[in-house]
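In the form predicted on its own, a lone chain appears below as structure tokens.
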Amino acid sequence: MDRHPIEVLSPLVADQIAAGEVVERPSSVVKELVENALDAGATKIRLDIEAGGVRRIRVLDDGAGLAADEVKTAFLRHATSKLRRIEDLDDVSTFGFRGEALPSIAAVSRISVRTRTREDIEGTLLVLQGGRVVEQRSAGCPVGTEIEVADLFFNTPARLKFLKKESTEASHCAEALVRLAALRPDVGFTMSHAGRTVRNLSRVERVEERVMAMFGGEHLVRAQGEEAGVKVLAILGPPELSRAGAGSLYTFVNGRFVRDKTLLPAIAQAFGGTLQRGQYPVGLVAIDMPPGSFDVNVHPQKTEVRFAEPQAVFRAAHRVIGQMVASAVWSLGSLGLRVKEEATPLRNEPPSVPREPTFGFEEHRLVPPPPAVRPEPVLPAPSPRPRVTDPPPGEAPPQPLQLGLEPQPQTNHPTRLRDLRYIGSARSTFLLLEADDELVIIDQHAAHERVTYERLQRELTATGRLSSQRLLTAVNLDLGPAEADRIEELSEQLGRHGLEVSRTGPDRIGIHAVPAELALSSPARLLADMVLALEEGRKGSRSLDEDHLLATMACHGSIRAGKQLSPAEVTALLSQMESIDFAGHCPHGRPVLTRLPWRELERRVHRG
């Protein structure tokens, strides 16, 4: 291989390489530009994007603006007004500080900037293309800054191949805006995509009001406290409304949005086992710490931090949120924001954020309760020792039941379950059946789950679509902005599987129909789990993806452990089991039944 001499890269190539770390997608540009507007003291910020942000991103603010002799300098690498010494990194109070964002964005786009300070009579226009200045002149404009980024990645087309469709990229841009707006109630934010307003967060007095605007239909509780110098502010929803993944849980350190492996486990564990694995509450948790106790300069996009004492952060968050969960009065029938003040040493001052807002302590009920969800039916307890093949005296033969357990035509099966004698159930979970030479124990949930899975799979294979059952009244869910966008993007796939949803408001999703086989399921919980299954499935093959989704749905449509079944329902379930080839396992791989030979039982009690 030919040897090439070592040379210093040109500034343009270096900028384009650096842009790959800072500018991952259009939402990265939105984040950096809106952060600059906040650092400039803006009270109103408008974001307009086209084609998901690839064709155009425009940010207008009423902040301090740039002086004419500073505009060009702002686009030089490592040019910043926020740091002078390395020690300043220990007390960074602004979003930006490296001086990398503007030159990185300029290196991969066409940029125009109009800006004016309050002291200047006229403003300045600066135009750059691929990082090179092509025009600079005086121009009329209001106080503040208007910056437009066009044709993102026009000179690095390979980057465009990794972007998603326009709606997905627009969703990421909206999420970047909301993350910055959450702790800034003193600033108004507006966003439009292709001329349509998609976000409108007005200026308000308190963080609670801003969070309620983000999660309008949730029942949120607020608490705050301090331990070992770590201040914690939590505004969170109840475990019943938790969601798969942390997409609707916003975590901050000293006013900066972060994703941290210390905070998320602390929050989940503080709910004391009331959350399913992989589920997180909706809302906001903000940590405020002394300067020098954490390092934000560990990731180009500044979304990760490194704590000097992570255990202290964990303990503080766990304690404050744990006390809130223990004392909160949550009710699904009454939504709104309830402020819970904790006993000492919880304090009433909030964590500090840039241009710190005030916090109030009134109770706010902003929205009416959602439509009630039909409860699962309560089934009668079984009578002792009926034969499975013969219903008890006076009882009609098995008919289609509430759980959909109608008998099916028999097929060859290694064990004729209908010939077994039903003894009863153990812990309302395991069906006990007696044969001449063994005791058969059936997990009722696993068995019915397999039956439901086979039904769903047969229908989908035969028709290409699962049938739906319309809800008498649509179930409307007020979600976080990112969550609503995420579900809308999956609406076609959800509809194919029987769950019909639509966007009924800026942050609201309406559920209009559920799969007919799962008519008794909670629509909200079914939606959350189906969305998670669809997103997890993107990592595997199509057939495996489908199986995973159907298995998730089957779990919702099956009788639960703890439900007492009537003898007729046991008969119907066994009949269904004989109609399929379930190979002894539920779709998640758990055994459906266990056999215990009588001779083994006799040996254990020394009768053999």
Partner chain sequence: MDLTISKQILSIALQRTAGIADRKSSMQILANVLIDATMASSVRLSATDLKLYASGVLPAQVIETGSVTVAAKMIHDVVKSLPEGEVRLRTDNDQLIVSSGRAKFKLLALPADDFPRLPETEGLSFFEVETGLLARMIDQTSFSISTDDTRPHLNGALFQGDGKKLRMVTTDGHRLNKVEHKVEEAGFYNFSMVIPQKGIMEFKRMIEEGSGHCKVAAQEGQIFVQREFDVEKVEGAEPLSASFLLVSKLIDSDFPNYDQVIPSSSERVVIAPRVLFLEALRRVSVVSSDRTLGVKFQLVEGSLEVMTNNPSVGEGAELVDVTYEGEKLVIGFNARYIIDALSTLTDDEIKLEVSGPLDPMVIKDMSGGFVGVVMPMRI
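Rigid core: the largest C-alpha set superposing within 1.5 Å between the two forms. What you see is a predicted model, and the numbers here were worked out from it, not measured in a lab. Positions refer to the first chain, counted from 1.
Another form exists, predicted in complex with its partner chain; not displayed. Remarks below refer to it.
Chemist: Pick from 519-527, 168-176, 243-251, 316-324: which stretch has a heavy atom within 4.5 Å of its partner chain in the predicted complex?
Modeler: Residues of 519-527 come within 4.5 Å of the partner.
Chemist: Can you tell me whether Q469 touches its partner chain? I mean in the predicted complex, with a 4.5 angstroms heavy atom cut-off.
Modeler: It does: once its partner chain is placed as it appears in the predicted complex, Q469 has a heavy atom within 4.5 Å of it.
Chemist: Any of the heavy atoms of S28 lying within 4.5 Å of its partner chain in the predicted complex?
Modeler: Contact check for S28: no, nothing within 4.5 Å of its partner chain in the predicted complex.
Chemist: Even though the partner isn't displayed, in the predicted complex is G498 close enough to its partner chain, meaning a heavy atom within 4.5 Å?
Modeler: G498: yes, in contact with its partner chain in the predicted complex.
Chemist: I'd like to check something about V514: if you look in the predicted complex, is any of its heavy atoms closer than or equal to 4.5 Å to a heavy atom of its partner chain?
Modeler: Yes, V514 is a contact residue.
Chemist: Would you mind picking the one in R465, R421, K164, R132 that has a heavy atom within 4.5 Å of its partner chain in the predicted complex?
Modeler: The residue in contact is R465.
Chemist: Using a 4.5 Å heavy atom cut-off, which residue among T452, S104, Q224, T115 comes into contact with its partner chain in the predicted complex?
Modeler: It is T452.
Chemist: Examine T571 after superposing the rigid core and state whether its CA is displaced by 2 Å or more between this form and the one not shown.
Modeler: Yes; that C-alpha moves by at least 2 Å between this form and the one not shown.
Chemist: By the 2 angstroms cut-off, has the C-alpha of T190 moved between this form and the one not shown once the rigid core is superposed?
Modeler: It does not, since the T190 C-alpha is displaced less than 2 Å between this form and the one not shown after the core fit.
Chemist: Please determine whether the C-alpha atom of Y250 is displaced by 2 Å or more between this form and the one not shown following superposition on the rigid core.
Modeler: No, because once the rigid core is superposed, the C-alpha of Y250 moves less than 2 Å between this form and the one not shown.
Chemist: Could you tell me whether M553 and P265 have their C-alpha atoms closer or farther apart in the predicted complex than in the shown form, knowing the shift is 3 angstroms or more?
Modeler: Those two alpha carbons end up closer in the predicted complex.
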